[in-house]
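Form predicted alone, single chain, as structure tokens, below.
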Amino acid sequence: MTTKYLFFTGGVVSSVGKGVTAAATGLLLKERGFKVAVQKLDPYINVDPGTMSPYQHGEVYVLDDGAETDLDLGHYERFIDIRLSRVSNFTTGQVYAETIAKERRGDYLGGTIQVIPHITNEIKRRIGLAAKETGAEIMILEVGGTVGDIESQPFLEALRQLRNEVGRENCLFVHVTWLPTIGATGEIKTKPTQHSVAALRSIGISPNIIIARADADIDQGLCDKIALFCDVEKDSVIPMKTASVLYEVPLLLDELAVGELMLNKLGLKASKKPDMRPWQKLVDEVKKEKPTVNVALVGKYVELQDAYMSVREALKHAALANGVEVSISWVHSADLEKDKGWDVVKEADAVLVPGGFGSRGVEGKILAARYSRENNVPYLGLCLGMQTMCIEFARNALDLEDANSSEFDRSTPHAVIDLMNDQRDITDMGGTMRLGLYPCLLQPGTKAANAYGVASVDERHRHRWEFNNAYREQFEKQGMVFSGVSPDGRLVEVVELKDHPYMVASQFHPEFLSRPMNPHPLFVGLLKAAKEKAGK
């Protein structure tokens, strides 16, 4: 079967919901019997987001093979329930790096290297590689950024060329755009969408489908106006009001017959009838009145909640499994160091300390771990959250008052967290951490083993520092349990406190493998303990 291509572009503003729409579309097509693959094309010149601050683009999402990718890949995996690989995300930086490397080797036989055809050819090569490796019947490609950005022009030009090479009948351009509302009149305006489509058409691309997003209801008259001025069929303008529940998006698109519309335009027929009942049940559960448990998320980047996108979603998944609503209180760890924000932490039914890098706010995370340990408050630590739990334990349970991580204090006499041996001589920061899927053996009878219900698991990592084995015996004598270790026993993967309702922390990032229909066991365990603490 010839691979069909769905190209998603964004208009008017960034963060318009293009990634969620692409992910939801992938689910609809998968439910109709097609093998779907997804690829995100990021226009920034960084090789990958691994060295970028979470304040720039939100969390860095890690795949099984260790690829550090855009957070939209988390949406793809959670909605479509697929496991992606590094071919599913590439950047301008990767495209230029590969092209320049070829030029240095002499692969271009002395030719002048230009955006067209050399850069666009490399973009098309990477798209073709993803289609081949995944064996997809339908490839969904999302172009990052907004039409009109100078950075995205080579990508759009490559897609225009690709359309002509694989045949127009095998391609579909879906333009996701924003309809702003004028506050004074409450009027929804289509003019920015018209300009956005005009910019797209100026480079030779006419959208086949326009998905018009707005916070208010979009009436048929507005859709007809967009169709008229943007030269698309009336039934190809899809009104998409902002959903109250993220996981309702596939249902809304399904109600609007978007799946059938796309298949018709691509000349395809569904091999099975979609079953959206599990998603309807999920959304119905979300909307039900339920008791609320409060979780204090003590992080370093809480000003931008997208920095913890997967953590937030994993908490929601676990809340559903426990029949509760989760209310997340965002606490800046640096505030706790200044004795601010403690009222929020003390009112919470559980504390969650996620990952991060650098010394800023670390002492606040350590204080949060101490509060949870001394007051029997359910606690889940992720990556750095596990390390700060161990530092706190060393200082206050083992009386090693100068204990620290060598990441934050190179001269500490008690580096209970230290640089991994294979990381000591590394100078490049990008793509050099312990990244991707690694096995972990669980100790029978521990909270972690009971939560998972299996003897071993595979989890995704992203870190450079690890627990220092020289301190294992001291920690165990004082009640710390090393409930998860690498198969060779060298690396500590999960720690927990013996005499505590639920104080568990992992060196890996469990949030990356949580799914709406299959919540992660460690998050489920946290909210179960929080629910019991709250008496709900």
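Since this is a predicted model, take the numbers as computed values, not measurements. We number the residues from 1 along the sequence you see.
Beyond the structure shown, there is the form predicted together with a small molecule, which is absent from this document and is the topic of what follows.
Which among 314-322, 163-171, 377-385, 439-447 is in contact with the small molecule in the predicted bound form, heavy atoms within 4.5 angstroms? Partner-contacting stretch among the options: 377-385.
Quick check on residue 462: any heavy atom within 4.5 Å of the small molecule in the predicted bound form? Within the cut-off, so yes.
Using the partner position in the predicted bound form, report whether residue 356 sits within 4.5 Å of the small molecule, counting heavy atoms only. Yes, residue 356 is a contact residue.
Against the small molecule in the predicted bound form, would residue 407 count as a contact residue? Criterion: heavy atoms within 4.5 Å. So residue 407 counts as contacting the small molecule.
State yes or no: in the predicted bound form, is some non-hydrogen atom of residue 509 no more than 4.5 angstroms from a non-hydrogen atom of the small molecule? Result yes; residue 509 sits at the interface with the small molecule in the predicted bound form.
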